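So this first bit is one chain, no partners, the form predicted on its own, shown in structure tokens.
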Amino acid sequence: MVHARSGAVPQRRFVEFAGVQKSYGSVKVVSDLNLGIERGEFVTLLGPSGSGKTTCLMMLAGFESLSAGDIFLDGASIGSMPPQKRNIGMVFQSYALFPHMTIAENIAFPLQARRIGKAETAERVARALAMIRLDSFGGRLPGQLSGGQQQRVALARALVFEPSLVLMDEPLGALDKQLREEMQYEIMHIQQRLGVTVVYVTHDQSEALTMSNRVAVFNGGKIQQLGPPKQIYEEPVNTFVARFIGENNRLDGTVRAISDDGCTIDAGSGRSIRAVAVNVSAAGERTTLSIRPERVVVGPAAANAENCFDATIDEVVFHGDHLRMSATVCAQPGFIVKIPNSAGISMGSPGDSIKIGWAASDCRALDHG
């Protein structure tokens, strides 16, 4: 048997926040953050404004000091290391390109700052331009490029010196919807091809779910949930995550009973709902149930669902690829159902009564809120 030596350094993840805190005076912005990121991962810090996600990124970059704890990169402490010595690439929402420099000169800048030779610099710049499919644009100025092209240049500049870690702070926030979606795939494919580790900050939950290996959902300076996108969406651990990630139906009730295979919720007027017990532990507790709109079935098929109720249609809106119905269920308004737009589809009109249902496995009993 091999015994660990006394005082041995613990094995750390490629990027590791260890007990990190950040305060501004008496205001604690980040509380006791412990987060490990593997080499080659794409991890997104997601949350509303003021949740602490950007502060975490700035501490990792070295632009913000730590109030407590430490940050490790590839096993070495960088908590007090100056930003320029961390060898980290950065991509910002504003692109931050030098307007008086050509595209090639912008990309070459970090190489020149590291005193890379002219021949190698020219070779790396050419490879970077090819990577972002702007081979013939090297002689142009940033102002002669579209927003999406400028963002690709900013990405190339962050990658050209071959950093082991790239940080991205809302890099697509200034782009229109279609270009933003195109750039999501662009960044994702480049990251996968190069195998570089990316820590990405956004408040856009759709962006986070599309691009990431794992998502850390922030609120109040703490990680509320950390996991793969599908798990974050399908299995929220509390009402904040359920509400923040995607559209979500919420029904309030009281726990009637809990068993090994779930729980029974009293939704009022004798209505019982079966659900997965997530944040409830005893009968009598108040709870908020979470059900995704696309998990709800309507019409005759609802009769076969474990949870089936009469609902009153309040509104039906056409969204092109689907219809969105708002209804009152269990005397609670604002219940949303999404139905794919297929031939012959009809959901009724406001005021109509309709059967709706869902599986107990798609209904999560969370903290009341």
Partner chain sequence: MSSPSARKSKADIWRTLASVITVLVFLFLLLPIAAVLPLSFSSGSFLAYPMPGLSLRWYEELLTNYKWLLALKNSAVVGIGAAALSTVLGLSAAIAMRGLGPRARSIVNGFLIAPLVMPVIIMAVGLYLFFSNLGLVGTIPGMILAHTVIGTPYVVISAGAALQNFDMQLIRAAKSLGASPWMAYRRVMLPAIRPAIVAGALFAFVASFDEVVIVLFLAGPGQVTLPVRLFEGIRDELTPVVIAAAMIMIMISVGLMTVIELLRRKSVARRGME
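Note that this is a predicted model, so its numbers are computed, not measured. Positions refer to the first chain, counted from 1.
The same protein also exists as the form predicted together with its partner chain; that form is not shown, yet it is the one meant from here on.
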Check for me whether its partner chain, as it appears in the predicted complex, comes within 4.5 angstroms of all of M58, F92 and L97 - heavy atoms only. yes
The one option of P229, P110, G262, G138 with any heavy atom within 4.5 Å of its partner chain in the predicted complex is P110
Within 4.5 Å of its partner chain in the predicted complex, heavy atoms considered, which of G147, G173, P83, G246? P83
Partner contact check in the predicted complex: of 308-316, 58-66, 31-39, 328-336, the stretch with a heavy atom within 4.5 Å of its partner chain is 58-66
Give a yes/no on whether M101 approaches its partner chain to within 4.5 Å in the predicted complex, heavy atoms considered. yes
Is V196 close to its partner chain in the predicted complex, meaning a heavy atom pair under 4.5 Å apart or at it? no
Heavy atom of R133 within 4.5 Å of its partner chain in the predicted complex: no
Using heavy atoms and a 4.5 Å limit, would one call H189 a contact residue for its partner chain in the predicted complex? no
